[in-house]
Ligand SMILES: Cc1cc2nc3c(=O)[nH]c(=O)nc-3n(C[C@H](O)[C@H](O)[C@H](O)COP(=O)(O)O)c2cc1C
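Quick setup: one chain, the form predicted alone, written in structure tokens, and binding and motion questions come after.
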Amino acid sequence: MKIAVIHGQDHKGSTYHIAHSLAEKIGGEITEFFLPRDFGEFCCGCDQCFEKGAKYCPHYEKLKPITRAVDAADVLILASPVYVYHSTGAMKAWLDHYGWMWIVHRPRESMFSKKAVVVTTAAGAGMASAAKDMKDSLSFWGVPQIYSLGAAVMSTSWENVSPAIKKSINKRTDKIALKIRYSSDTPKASIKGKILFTAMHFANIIGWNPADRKYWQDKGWTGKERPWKSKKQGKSAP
């Protein structure tokens, strides 16, 4: 099993320790990235990814290692501490670069069979809204099975988190890891994913975006082919 972990911060605090521990419990080949160290560019709104293709993004080469790891992974873990009731700016900036990969544009077949976990921590509150920032992208990428682990650690450092809270977090990571490890079935495409896909199926028959339409036609999706039934799961960067 391949696991890609995207950390929304450089430092190894509470969020890092929880996400890394979860990845180790799931087991397999773990690849980790730290933002903004491994990718710190802001989307410049040039629309080249939408109009021409992802390779035309000015940050494509810098983004490629993470894109390939995400595409190849069986499990995605997105982890971010709460910054002003939302995910970190680095996490949001990274996610902004994948608007083209949403179901309404050019989704990847591999996304429809992945499992994902969103990890958030805060000294007090804000985990739900921070998690939503990340869950929205995962869902619109087509990922059908998304778990969420939000923890109020009541501290600004992992070392000072109380033993009771750590014990509770440990039980929760055990539970999620167990579900992922022993769920042998490949996740089925979500109802939301299928509804969005069907809507865009008809939109791309008409062809409002030439780049999207060509992509869908090449995949056979304007016909009877569907990404969650594809015999060839895309594993390389677009």
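Quick caveat, the model's predicted, so the values are computed rather than measured. Start at 1 with the first residue shown and count on from there.
Note that the form predicted in complex with the ligand isn't included here; everything after this is about it.
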property: Heavy atom within 4.5 Å of the ligand in the predicted complex - the one residue of 226, 11, 25, 214 that qualifies; result: 11
property: Position in contact with the ligand when the complex is considered in the predicted complex, options 104, 165, 125, 72, heavy atoms within 4.5 Å; result: 125
property: Contact stretch among 131 to 139, 77 to 85, 111 to 119, 94 to 102 - heavy atom within 4.5 Å of the ligand in the predicted complex; result: 77 to 85
property: Partner proximity in the predicted complex: residue 148 to the ligand, non-hydrogen atom cutoff 4.5 Å; result: no
property: Partner contacts in the predicted complex for 151 to 178 (non-hydrogen atom within 4.5 angstroms of the ligand); result: 153, 155, 156
